[in-house]
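Just the one chain here, laid out as structure tokens, in the form predicted alone.
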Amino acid sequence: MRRLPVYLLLDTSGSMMGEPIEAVKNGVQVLISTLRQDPYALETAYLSVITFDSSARQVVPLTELSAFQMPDIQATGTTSLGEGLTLLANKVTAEVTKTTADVKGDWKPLVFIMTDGGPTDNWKKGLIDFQKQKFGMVVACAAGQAADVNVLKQITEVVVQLDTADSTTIKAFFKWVSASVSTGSKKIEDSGKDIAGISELPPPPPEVNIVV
């Protein structure tokens, strides 16, 4: 079976402490419970969560939805986005089955990055590692006004911004992510083609602004 790998790369630095980090945890739980009700997603989508603060760690390896267990996420430290990008690239190498002449591998991964500030490490080094991988689509979310949209624009063409990093807005973002994964699961099932652009995803809610 060809899996649709979905990677969440989430900022857990100190500035996310309080309402934002609680909203992220709730958002991931809403994402999982919504996708578990979707037969397409349940069959094809596999989810991994990678967090980055003073260092990056994979808190959930690529896991099928039915077996996904919510990790305990705490907000602390600085914003090592570059380390997060490198770790994500390494995990894609290790976890995603490549297509060869003999085997149809997994679908190209969908990546959702969320950060509320500017990176504090050498993020361009991480970006080089990240760019060596092939992704179906990468969506970067700037949560609040302190996030550096210019950095995110260099990672991916698809950047969205939340006006605030409060619980309502972050929840709206995760609902859109779950709708996007659902749509993606159905599309690859029906068409046999990877997700290629934001036009193939459902339109984002009013809280989620596409940066052009």
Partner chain sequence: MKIIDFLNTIIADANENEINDFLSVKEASIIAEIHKLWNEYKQNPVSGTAENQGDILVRKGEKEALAGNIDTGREVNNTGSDKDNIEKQLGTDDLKEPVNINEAEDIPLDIKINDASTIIIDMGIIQGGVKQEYNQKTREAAINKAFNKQIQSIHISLPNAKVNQEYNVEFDFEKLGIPEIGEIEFEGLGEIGLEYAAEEKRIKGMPTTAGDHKIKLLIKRKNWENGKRIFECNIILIINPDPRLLWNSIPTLTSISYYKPDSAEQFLEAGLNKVKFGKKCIVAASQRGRSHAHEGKPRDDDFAMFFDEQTGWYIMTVADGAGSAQFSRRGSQIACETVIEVCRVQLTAQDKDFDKHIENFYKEKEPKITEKRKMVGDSLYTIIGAAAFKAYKNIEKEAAGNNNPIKDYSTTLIISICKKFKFGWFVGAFWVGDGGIGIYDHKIQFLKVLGESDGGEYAGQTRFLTMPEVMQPNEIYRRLRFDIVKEDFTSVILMTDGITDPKFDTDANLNKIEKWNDLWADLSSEVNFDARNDETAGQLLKWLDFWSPGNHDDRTIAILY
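Numbering follows the first chain given and starts at 1. Predicted, not measured: the structure shown is a model, and the values here were computed from it.
A second form of this protein, the form predicted together with its partner chain, is not displayed here; the remarks below concern that form.
For the interface check, one of 152-160, 37-45, 50-58, 172-180 should have non-hydrogen atoms within 4.5 Å of its partner chain in the predicted complex; which one? So the stretch in question is 37-45.
Honest question, do 93, 125 and 209 all end up within 4.5 Å of its partner chain in the predicted complex by heavy atom distance? The answer is no; none of 93, 125 and 209 reaches its partner chain.
Going by a heavy atom distance of 4.5 Å, is residue 146 a contact of its partner chain in the predicted complex? Contact check for residue 146: no, nothing within 4.5 Å of its partner chain in the predicted complex.
Just checking whether residue 189 would be counted as a contact of its partner chain in the predicted complex - the rule being heavy atoms within 4.5 angstroms. Result yes; residue 189 sits at the interface with its partner chain in the predicted complex.
Contact with its partner chain in the predicted complex for residue 134, defined as at least one heavy atom pair within 4.5 Å: yes or no? Outside the cut-off, so no.
Whether residue 99 contacts its partner chain in the predicted complex should be assessed with a 4.5 Å heavy atom distance threshold; does it? Yes, residue 99 lies within 4.5 Å of its partner chain in the predicted complex.
Its partner chain in the predicted complex - contacting residues of 103-128, heavy atom within 4.5 Å: The stretch 103-128, when checked against its partner chain in the predicted complex, contributes 103, 104 at the 4.5 Å heavy-atom cut-off.
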